[in-house]
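Only one chain comes next, encoded as structure tokens, the form predicted on its own.
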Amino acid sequence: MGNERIIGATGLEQETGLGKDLLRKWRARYGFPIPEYVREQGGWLYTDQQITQLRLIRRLLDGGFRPGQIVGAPTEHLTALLASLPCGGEICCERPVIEELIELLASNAIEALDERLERERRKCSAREFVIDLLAPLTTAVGDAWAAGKLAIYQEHLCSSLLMARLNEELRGLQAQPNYPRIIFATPGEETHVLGLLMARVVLADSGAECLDLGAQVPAEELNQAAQACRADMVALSFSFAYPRRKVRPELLRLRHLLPASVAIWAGGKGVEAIRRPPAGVSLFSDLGRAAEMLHELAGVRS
């Protein structure tokens, strides 16, 4: 299979957010996706081509298509359908700088991309840098990948670059009096941490004391950490790839474990489909709104 990437069912779910049971139903009904047996690795695995198709299918499902219209369709057809959606084949941002950054990434000019980001950073605060530039940039990178304008390795290069910049930002930020102590983590099975890191920078720049537990933290450990560290809040990030069916149960489980005095905030693409959050849980698709609520909370505590 050459240098083609191949992964198992668990890795596929982490890449696409599509669960094993759902894929099994699709396989029975539509004949897709069919894993290939790889003798060297001793198991049934999915190819990079199938991963690409399933990521496109997931985006089209979010855009309103039904499974019968898209499951098993060729990559070229899926890409064309994505381009037919609002902003589907274009960069979903009017700022010219976003287009320039995507072009630099597409040409593998990583050093120039980093320098361009640095110039933008000098113009604004850390919070504005994340909300006004990095957040729309990550969305644009995902859209450009889905439209075939970027390779998966370029998406990963961009994520690594942004994470390095965000970690650097955190070193210069200090908590303010009366602002809450927040524990940040992603839940079990959630490996993507870029969104969590952006939230940490925004809320740290807004005055919060931020403690990081990292990725794939079970609810029981979050509960222990929150109580041991006397946290006021637990903040979780659910990415586009996190299985939708698991988001609400995970939030309910954590809410049941944590003391009522510890707030739960959750954000990321994975929570956008939840119309009514569980009692005692606040959901955010907008980091700016999260910063506003943080200030409101600090005002109540002062």
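All values reported here derive from a predicted model rather than from experimental measurement. Rigid core here is just the name for the largest C-alpha set that superposes within 1.5 Å across the two forms. Note that residue numbering begins at 1 and tracks the sequence as displayed.
There is another form of the same protein, the form predicted together with the DNA; it is not shown, and what comes next is about it.
A.B. asks: Heavy atoms within 4.5 Å of the DNA in the predicted bound form: which stretch in 261-269, 230-238, 47-55, 22-30 meets that?
C.D. replies: Selected range: 22-30.
A.B. asks: So in the predicted bound form, does any heavy atom of residue 276 sit within 4.5 Å of the DNA?
C.D. replies: No, residue 276 sits far enough from the DNA in the predicted bound form that none of its heavy atoms falls within 4.5 Å.
A.B. asks: Do residue 63 and the DNA share at least one heavy atom pair within 4.5 Å in the predicted bound form?
C.D. replies: Residue 63: no, not in contact with the DNA in the predicted bound form.
A.B. asks: Is residue 245 a contact residue for the DNA in the predicted bound form, using a 4.5 Å heavy atom cut-off?
C.D. replies: Because a heavy atom of residue 245 falls inside 4.5 Å of the DNA in the predicted bound form, the answer is yes.
A.B. asks: Does residue 33 count as moved between the shown form and the other one, where moved means a C-alpha shift of 2 angstroms or more after fitting the rigid core?
C.D. replies: Where the cores coincide, residue 33 still shows a C-alpha shift between the shown form and the other one that is 2 Å or more.
A.B. asks: After fitting the rigid core, is the C-alpha of residue 265 off by 2 Å or more between the shown form and the other one?
C.D. replies: Result for residue 265: no, shift under 2 Å.
A.B. asks: Using the rigid core as the reference frame, would you say residue 249 shifts its C-alpha by 2 Å or more between the shown form and the other one?
C.D. replies: Moves: no, less than 2 Å.
A.B. asks: Since the CA distance of residue 244 and residue 64 differs by 3 Å or more in the predicted bound form, is it closer or farther than in the form displayed?
C.D. replies: Relative to the shown form, the pair is closer.
A.B. asks: Classify the change in Cα distance between residue 23 and residue 250 in the predicted bound form as closer or farther, relative to the shown form (magnitude of 3 Å or more).
C.D. replies: Farther, not closer.
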